[in-house]
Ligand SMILES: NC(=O)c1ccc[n+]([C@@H]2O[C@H](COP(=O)([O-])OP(=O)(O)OC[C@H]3O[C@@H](n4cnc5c(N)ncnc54)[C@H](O)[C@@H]3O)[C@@H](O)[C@H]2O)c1
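Given as structure tokens, the chain that follows is alone and in the form predicted alone.
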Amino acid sequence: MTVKVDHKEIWQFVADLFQAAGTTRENAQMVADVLIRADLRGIKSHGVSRIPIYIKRMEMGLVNSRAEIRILHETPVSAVIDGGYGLGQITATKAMKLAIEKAKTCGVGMVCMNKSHHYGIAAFYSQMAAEEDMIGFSCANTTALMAAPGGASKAIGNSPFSFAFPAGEQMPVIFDAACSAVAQGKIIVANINGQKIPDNWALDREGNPTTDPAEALKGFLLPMAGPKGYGIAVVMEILAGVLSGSDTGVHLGSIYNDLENPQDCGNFFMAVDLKTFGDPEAFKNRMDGYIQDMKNGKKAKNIKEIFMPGEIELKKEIKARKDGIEIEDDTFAPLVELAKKYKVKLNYK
């Protein structure tokens, strides 16, 4: 069973909840922006399903609810930021804003950050740049979830990353992916809702394929495209973790399993102003033509439409803004309890 909620009302609830839990009003709204954007796009693994663990870590003092970012090193085109162990949606939004500001002045802006936290969907931040007529990029490192090829223990996270490219009349092209066969959050949601998972998503502790999400969470995620996915994960962790000075690999604690230490996640953000390469409108016109060529290509049998990266999610967002967001009962129940605990209004049908 599911609960249907209006996106504006659930956004208001999230903002009110995080403010009641200790963040400033402005920062609470940043958290709501990212989480609700995920649910609007059908990415339930990174939406309101994450709220209980965020609040729990805040209550335990493992997330600094009043953290302020601090610049450790800066040039006209770059910066290294200390996130102060704040909520990732807040620190990441501020870091990408800084990258965009630098790009407006210098053509390109690059910002890496340590002492961050789980930041939600990578696409939110790359799209921030695309909305400013820029090419956007963001990536993060995560707790070790995958073994290296030939390895028998968790060694590296699935290193989510996203590129976003603006277009003119067409939708922007937004690529957002983790380097594992599937984001761990989808397995977590399946476990919460008592659902099985495909047997090509993860291995159990003994290295066997499993359809049980609980066993998958005890074992290993499989990389996308085998060694290629592993290689991309390494590159993303170097950018997000090694470059920023955050914890990496097995040293980066789990958001769910390490309830003694704050997470020291790393992020990397880049914004490239289209004016650096000429007329932005000309670029967007060429993008429109390119997208149309791709979508007008010959289709396989029984295929009605070819989609560009991110297009399906963007269309889901348009529909959900009109019809509402559906949330599974098992995901929604903890939100009801938090609403009672923090005396925050939560409307739903």
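Residue numbers here begin at 1 and follow the sequence given. This is a predicted model, so every value here is computed, not measured.
This next part talks about the form predicted in complex with this ligand, which is not shown.
Considering this ligand in the predicted complex, the lone stretch of 152 to 160, 208 to 216, 106 to 114, 238 to 246 in range is 152 to 160 [heavy atom distance within 4.5 Å]. Not displayed here, this ligand is approached by Thr142 to within 4.5 Å at the level of heavy atoms in the predicted complex. Interface residue remark: Ile312 is counted as part of the site for this ligand in the predicted complex, having a heavy atom within 4.5 Å. Although the partner is absent from this view, Gly136 stays clear of this ligand in the predicted complex, with no non-hydrogen atom inside 4.5 angstroms. With a 4.5 Å cutoff on heavy atoms, Ala177 counts as touching this ligand in the predicted complex. For the candidate set Ala190, Ala147, Leu98, Ala183, a heavy atom within 4.5 Å of this ligand in the predicted complex is found for exactly one residue, namely Ala183.
Note on contacts: among Ala202, Ala271, Ile121, Leu87, the single residue with a heavy atom within 4.5 Å of this ligand in the predicted complex is Ile121.
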